[in-house]
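The chain that follows stands alone, in the form predicted on its own, written as structure tokens.
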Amino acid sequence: MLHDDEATIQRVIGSIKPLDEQAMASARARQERLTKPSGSLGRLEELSIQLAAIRRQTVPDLAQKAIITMAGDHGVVAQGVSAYPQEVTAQMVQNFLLGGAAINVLARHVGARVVVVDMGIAATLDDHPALISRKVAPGTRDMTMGPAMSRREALRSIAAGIEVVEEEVDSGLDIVGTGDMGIGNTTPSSAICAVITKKPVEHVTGRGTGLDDAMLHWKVEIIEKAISVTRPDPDGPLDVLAKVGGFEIGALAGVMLGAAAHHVPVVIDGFVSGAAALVATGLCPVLKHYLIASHLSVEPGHQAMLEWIGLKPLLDLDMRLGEGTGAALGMFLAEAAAKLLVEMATFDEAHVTDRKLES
């Protein structure tokens, strides 16, 4: 008999279907009739077609937008892999709740609500109407000593992400962005990337919060030790998550799966969201068609992640903040692409002569 969380995950994965071919064809046909040379809006055209296919609508409406920012702490921080102390995770979550962080500014700019979730902060936070608690534990365990979490905790984190996004769907959701907060979380993200893509740890590990050369070298050693100790299965995404992941990473994977099951496009942020996408697409390969890569992070492993999944980022702005900031910008472009498809006049409507067709 399946555990409840495992059953939830399997139900959701079973609900994720290939993109709607009819909506895709209709959107492509409309693009060809709009008052512009074919292909002149470049990737915005393809993005609009992808959005139509995900939403099962020839003219997709993306009015209801949310960015879900998952927060959690990591036991491996005890090994000195971050330039910031662990208590900053809780402090930044408070900043999110007060509306003062970068993600709040950009979310307001694009008209998205910010949903903040405590998946495993190593502190007790005061109740706040804007804070959702799905705490699995007060931080993961130190992955240099053994698995970061149990298999059951990994399942719980994914299922919690599904629960959160399904609640947002019930409130009205047309497009969702993923964000993260967790001091030290580029360390498990690098570990996930190295294991799944089979790239050398040193090639996919970056400076995170701003490490100097010596700390970066130490971070690589710590990740290599964790992988050696825990021996995650590269072909088992759940095993990788449990051995070297984080609660917020599992939850973001759940958000991606849950959104896709409800035909909601997912704009993923940077490196940590990329790690979640590796886990999620490993569990459900068809999911990749529901994902939109917002930007290319400065973290060196991010490009390897996106190439492994088969995604091309919309932006390259040398960003590496997380929180969902890149996702907010990607969401702006997604809505712009959809509006071009919906609101532009066709040649017939505008009484503009179309290009000459060869006989």
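Since the structure is predicted, the reported quantities are computational estimates derived from the model, not experimental observations. Note that residue numbering follows the sequence shown and begins at 1.
The discussion below concerns the form predicted in complex with another copy of the chain, not included here.
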4.5 angstroms heavy atom contact with another copy of the chain in the model of the complex for E335: yes
Another copy of the chain contact at D126 in the model of the complex, heavy atom, 4.5 Å: no
Contact test in the model of the complex: D4 vs another copy of the chain, heavy atoms, 4.5 Å: no
Partner contact for H109 in the model of the complex: another copy of the chain, 4.5 angstroms, heavy atom: yes
Listed residue that, although another copy of the chain is not shown, lies within 4.5 Å of it in the model of the complex (heavy atoms), from L311, A304, L296, L41: L41
Heavy atom within 4.5 Å of another copy of the chain in the model of the complex - residue from G100, P285, G146, P234: G100
Stretch from 241 to 249, 261 to 269, 221 to 229, 90 to 98 whose residues place a heavy atom within 4.5 Å of another copy of the chain in the model of the complex: 90 to 98
Neighbours of another copy of the chain in the model of the complex among 75 to 91 [non-hydrogen atom within 4.5 angstroms]: S82, A83, Y84, P85, E87, V88, Q91
